[in-house]
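Just one chain is shown here, as structure tokens, and it is the form predicted alone.
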């Protein structure tokens, strides 16, 4: 990538935080958006003058156009937008909690649409830019363990594909990243073993960011989900994958 002004939404922890760090270490100026002011300020203190902290809850969609415009003005332009915000609260095997589900959809999908619509509109006019959405392998099938988290990531992938098809003629790249298990604050309750670190997930994401298209972070997952997506539903229902 030759451009140097980035906006990262969901930058206070996990992959988003590591992406922000690695971009700055590569010479980028970064506007880092997150709702938790304390964690965001801790990140900003690591990189004085290089990272602009922006406190915002992605569920407050009405505020996004104004916040986005202010970020673009303060950065002096915009070349890369990465949406990394996401939540995955614990869900019991017999739990159907609409309030919890709506929080997932608002954060993982509606917030992404609201932020990335702003990016798409700007890049459509300027004729350049890269949009990256952090999806998940969880969106590839309707697993029973996290019905609405899976749904939010599946819908995000479809939305990003549609943006990609709209913006390709304008020279704008839209990239969908599909991590597998990653060690983050969001997943710590799952007790993951052998999961990728957030730092490594961020490194691989930035390598793929400017390529456009849809990418798994692991060749193992690319192969596995090529097969998993083709398993008939009655059989898949009985599998623990």
Partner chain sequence: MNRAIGDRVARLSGYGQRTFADGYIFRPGSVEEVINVFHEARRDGRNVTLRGAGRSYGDQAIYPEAYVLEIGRMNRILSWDAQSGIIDCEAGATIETLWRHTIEDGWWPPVVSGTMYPTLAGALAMNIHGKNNFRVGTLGEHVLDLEIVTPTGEKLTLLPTDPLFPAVISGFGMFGVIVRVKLQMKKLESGNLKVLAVSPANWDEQFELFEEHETEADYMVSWVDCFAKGTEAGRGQFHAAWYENGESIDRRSLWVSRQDLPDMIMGIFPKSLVWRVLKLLCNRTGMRLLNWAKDRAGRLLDNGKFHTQSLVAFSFLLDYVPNWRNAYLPDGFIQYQSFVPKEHAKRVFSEQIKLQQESKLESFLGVLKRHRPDSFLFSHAVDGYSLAMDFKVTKARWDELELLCHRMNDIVLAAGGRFYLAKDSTLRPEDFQQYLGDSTLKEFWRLKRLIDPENILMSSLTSRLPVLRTPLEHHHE
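Residue numbers count along the first chain shown, from 1. Treat the numbers as computed from the prediction; the structure is a model and nothing was measured.
Not on display, but discussed next: the form predicted together with the partner chain.
A.B. asks: For the partner chain, considered in the predicted complex: do all three of 94, 148 and 150 come within 4.5 Å of it, counting heavy atoms only?
C.D. replies: Contact check failed for every one of 94, 148 and 150.
A.B. asks: So if I measure heavy atom distances to the partner chain in the predicted complex, which of the stretches 156 to 164, 121 to 129, 104 to 112, 139 to 147 falls within 4.5 Å?
C.D. replies: Among the candidates, contact is made by 121 to 129.
A.B. asks: Within a 4.5 Å heavy atom cut-off, is residue 77 in contact with the partner chain in the predicted complex?
C.D. replies: Heavy-atom contact with the partner chain at 4.5 Å: present for residue 77.
A.B. asks: Residue 72 near the partner chain in the predicted complex, any heavy atom under 4.5 Å?
C.D. replies: Yes, residue 72 is a contact residue.
A.B. asks: Determine whether any heavy atom of residue 38 comes within 4.5 Å of a heavy atom of the partner chain in the predicted complex, and answer yes or no.
C.D. replies: Close contact is absent here: in the predicted complex, residue 38 is far from the partner chain, nothing within 4.5 Å, heavy atoms only.
A.B. asks: Taking heavy atoms only, is residue 213 within 4.5 angstroms of the partner chain in the predicted complex?
C.D. replies: No.
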